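Only one chain comes next, encoded as structure tokens, the form predicted on its own.
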Amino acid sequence: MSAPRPEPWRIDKRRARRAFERAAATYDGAAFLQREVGQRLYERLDLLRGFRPVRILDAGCGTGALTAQLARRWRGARVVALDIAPAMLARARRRGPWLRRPWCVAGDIEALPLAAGSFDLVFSSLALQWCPDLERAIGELARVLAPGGLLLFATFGPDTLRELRAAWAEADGGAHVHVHGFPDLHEVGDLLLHTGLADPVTDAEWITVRYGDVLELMRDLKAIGARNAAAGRPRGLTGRGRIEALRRAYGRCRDAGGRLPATFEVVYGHAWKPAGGGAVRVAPPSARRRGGGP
């Protein structure tokens, strides 16, 4: 199962929540990668012919773009939007015709304030990487699934922001954690089985976004709320000398067109709640994983 996670990599969830609260107003303008991944995940529903959920949870909904799409796809369904940041939920609540606006719930995926067996579909796009304990998070999502229900999600894998991680390691000698860690698809698949879900499928793809300067990348991450929330992050302001060292190190990654690549490994997964019901195993609080969020 998940290996104990070194303390410097542990996510400070309160810091992450505050970052998303502050970024609610700027999120939609910078979340082009999140929109693309969310759309690719959403399109996987096309493969599920005959699947018609009537109770849907969008776990980690952000500003609610995908929540609105789910509500339009299944117009008679009850759609619940859940996010840890109330400011994000406020924007999700305002999307779409008022008669079909989602029921919005402020809550933590690792401790869902929802009853067991409440949903036929749990959909989650690029939220699980912010859960310090991925095993507990998946266990909670499995718990709220009804028998025969589907969990469908996307999260980040270990190659995500590999160029930024390497450049920071060169700039400060590896003294601090600047980019969170992420689980690989095999670990994610094992966790799906361990939590009692059936027929798990995971796969991954790599998406490269290109920038003119590393500071552009860092501004985009800040605008969507993806700040460094690791326990081992540097404290205080980063000096100009360190930033220049980062720019020099990252600059060696420039492609033939002079652009800087930023790699994102996206791990997709789905699994079913056994139709016969049965207990879902939820990991104890001591269980830890290696992953995190950007």
Partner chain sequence: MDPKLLEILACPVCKGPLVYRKAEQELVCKADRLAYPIRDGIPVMLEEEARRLPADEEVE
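As the structure is a prediction and not an experimental result, all values here were calculated from the model. Numbering follows the first chain given and starts at 1.
Keep in mind that the form predicted in complex with its partner chain is not shown, yet the notes after this line are about it.
In the predicted bound form, none of the heavy atoms of residue 172 sits within 4.5 Å of a heavy atom of its partner chain. Its partner chain is not shown here, but in the predicted bound form it comes within 4.5 Å of a heavy atom of residue 17. Among heavy atoms of residue 111, some come within 4.5 Å of its partner chain in the predicted bound form. Although the partner is absent here, residue 107 lies within 4.5 Å of its partner chain in the predicted bound form, judged by heavy atoms. At a distance of at most 4.5 angstroms from its partner chain in the predicted bound form, none of the three residues 39, 142 and 152 contributes a non-hydrogen atom. Screening 89, 192, 126, 161 for any heavy atom within 4.5 Å of its partner chain in the predicted bound form leaves a single hit, 89. Proximity to its partner chain in the predicted bound form, taken as a non-hydrogen atom within 4.5 angstroms, holds for one residue of 182, 168, 130, 119, which is 119. Heavy atoms within 4.5 Å of its partner chain in the predicted bound form belong, among the stretches 77-85, 182-190, 201-209, 214-222, to residues of 77-85.
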